[in-house]
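The chain below stands alone and is given in structure tokens; this is the form predicted on its own.
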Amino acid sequence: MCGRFVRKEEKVLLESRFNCDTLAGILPAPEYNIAPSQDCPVVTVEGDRRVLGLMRWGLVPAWSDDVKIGYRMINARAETVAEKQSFKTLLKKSRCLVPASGFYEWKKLAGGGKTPYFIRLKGGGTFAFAGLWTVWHAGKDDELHSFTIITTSANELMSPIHDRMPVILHEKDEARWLDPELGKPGDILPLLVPYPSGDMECWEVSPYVNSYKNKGEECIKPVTSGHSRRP
């Protein structure tokens, strides 16, 4: 799964990296411990341009009568996303990019408890999770834009930590994922695969990250000197 992630880049860098325009509103400052229900920058297609706007993490389907459902829909499984009612229509026409700099996962310990790890592309850099988005109407004039992050099976780097990982798109595939003309499962499902483990790195971090209230750069600081490729 993916339950926390990091975004270090500010507005100008995101606009440049994803070749997009920012919609009205102020983007939040870089955050090192993004949690479900937070508003996050998300890239979508509007007409013939890419736009960057804020959406809440945790999908609230248009048919839902309770916004709290979003807490249970922070992720969608790649293996079933084309089949489940909540996601299959969105897969055809409402795909998005979720900019990130890394993410966290917690490894279960044999004696109980969990150890947090920070995972990113090797050497750092901005990338995009594959996401789906929608609009929920609470009333006539009140609407909520929300998104979910798609997950897949873990690669070799991730498997000692967890059996799932978020889908990280190769930069060359981002345009294909966003293309509104590609709506058939055969066009886009092949993109929802584990990112190559050789192009990623991870290291153990402090339990400081366990609290979503802790947002600073200390969250990604290694607990030991040097970066570990393997947990």
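Here the structure is a predicted model, which is why all the values come from computation and not from measurement. Start at 1 with the first residue shown and count on from there.
This protein has a second form, the form predicted in complex with the DNA, left out of what is shown; the following refers to that one.
Out of the listed residues 171, 199, 163, 179, 163 is the one that sits within 4.5 Å of the DNA in the predicted bound form by at least one heavy atom.
If you check the DNA in the predicted bound form, you find no heavy atom from any of 22, 54 and 146 within 4.5 Å.
The chain is drawn here without the DNA; in the predicted bound form, the stretch among 36-44, 171-179, 187-195, 23-31 whose residues come within 4.5 Å of it by any heavy atom is 36-44.
The DNA in the predicted bound form is not approached by residue 129, whose heavy atoms all lie more than 4.5 angstroms from it. Mapping the unseen interface onto this chain, residue 101 falls outside it, with no heavy atom inside 4.5 Å of the DNA in the predicted bound form. Among residues of the shown chain, residue 94 is not one whose heavy atoms approach the DNA to within 4.5 Å in the predicted bound form.
Proximity of residue 49 to the DNA in the predicted bound form: non-hydrogen atoms within 4.5 Å are absent; the residue sits far from the partner. Using a 4.5 Å cut-off on any heavy atom, the residues of 189-221 that reach the DNA in the predicted bound form are, in sequence order, 210, 211, 212.
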